[in-house]
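Form predicted on its own, single chain, as structure tokens, below.
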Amino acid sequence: MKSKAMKLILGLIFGIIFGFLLQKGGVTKYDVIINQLLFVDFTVVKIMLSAVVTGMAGLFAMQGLGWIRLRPKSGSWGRNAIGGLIFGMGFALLGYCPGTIAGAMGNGYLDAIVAGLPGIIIGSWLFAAAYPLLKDGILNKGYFGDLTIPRMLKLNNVTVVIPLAILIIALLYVMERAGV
């Protein structure tokens, strides 16, 4: 799959599937997200944990079969802090994350269209404008490179992925049985 056009087409297809699944899961609804933040409805956590276990198992399986080569981006505590602050401010102000804003706009929710889309555009512009001031400072504080959990623990992928997947599935089972 070396063609840029093919990568774009596959990205579009998987993006549409992702948006459809977000909508079907109910996480494009403001009330569901707010109720998650209030610890009343755990739909968002269940969907995110399901996505984590599916993505983690799928990626590492495809890597093990030689179908893909993972290239983790390098990171730092400063990048995580700034990204978390930007994400958290948008989430706190509107009650959506970028993925759920796109899904909510697809549903025709006016709050996502009128406030969410401009919020993403303004937030991106503000970060781009501030980037020259941040790039040599806080964004590189606590630099840890392209570290992954298996590398950090000095274990092979399977030794980490299988127990973690079992743990997440068990947690999802317990949550479902508890009616959370």
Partner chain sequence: MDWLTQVKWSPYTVGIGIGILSWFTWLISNEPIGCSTTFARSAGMFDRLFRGRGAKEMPYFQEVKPVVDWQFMLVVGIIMGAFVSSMLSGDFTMQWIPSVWGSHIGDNILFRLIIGFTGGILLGFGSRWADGCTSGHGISGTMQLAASSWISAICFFAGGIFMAWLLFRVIL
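Positions refer to the first chain, counted from 1. Since the structure is predicted, the reported quantities are computational estimates derived from the model, not experimental observations. Definition used throughout: the rigid core is the maximal C-alpha set that superposes within 1.5 Å between two forms.
We do not show the form predicted together with the partner chain, though everything after this point is about it.
> Is there any non-hydrogen atom of residue 11 lying within 4.5 Å of the partner chain in the model of the complex?
Result yes; residue 11 sits at the interface with the partner chain in the model of the complex.
> Can any non-hydrogen atom of residue 31 be found within 4.5 angstroms of the partner chain in the model of the complex?
So residue 31 counts as contacting the partner chain.
> State yes or no: in the model of the complex, is some non-hydrogen atom of residue 166 no more than 4.5 angstroms from a non-hydrogen atom of the partner chain?
No, residue 166 is distant from the partner.
> Wondering, does residue 123 line up within 4.5 Å of the partner chain in the model of the complex on heavy atoms?
Contact check for residue 123: yes, within 4.5 Å of the partner chain in the model of the complex.
> Check each residue of 77-96 against the partner chain in the model of the complex and list those with a heavy atom within 4.5 Å, in sequence order.
77, 78, 79, 80, 81, 82, 83, 84, 85, 86, 87, 88, 89, 90, 91, 92, 93, 94, 96 sit within 4.5 Å of the partner.
> Using the rigid core as the reference frame, would you say residue 10 shifts its C-alpha by 2 Å or more between the shown form and the other one?
Passes the 2 Å threshold, so yes.
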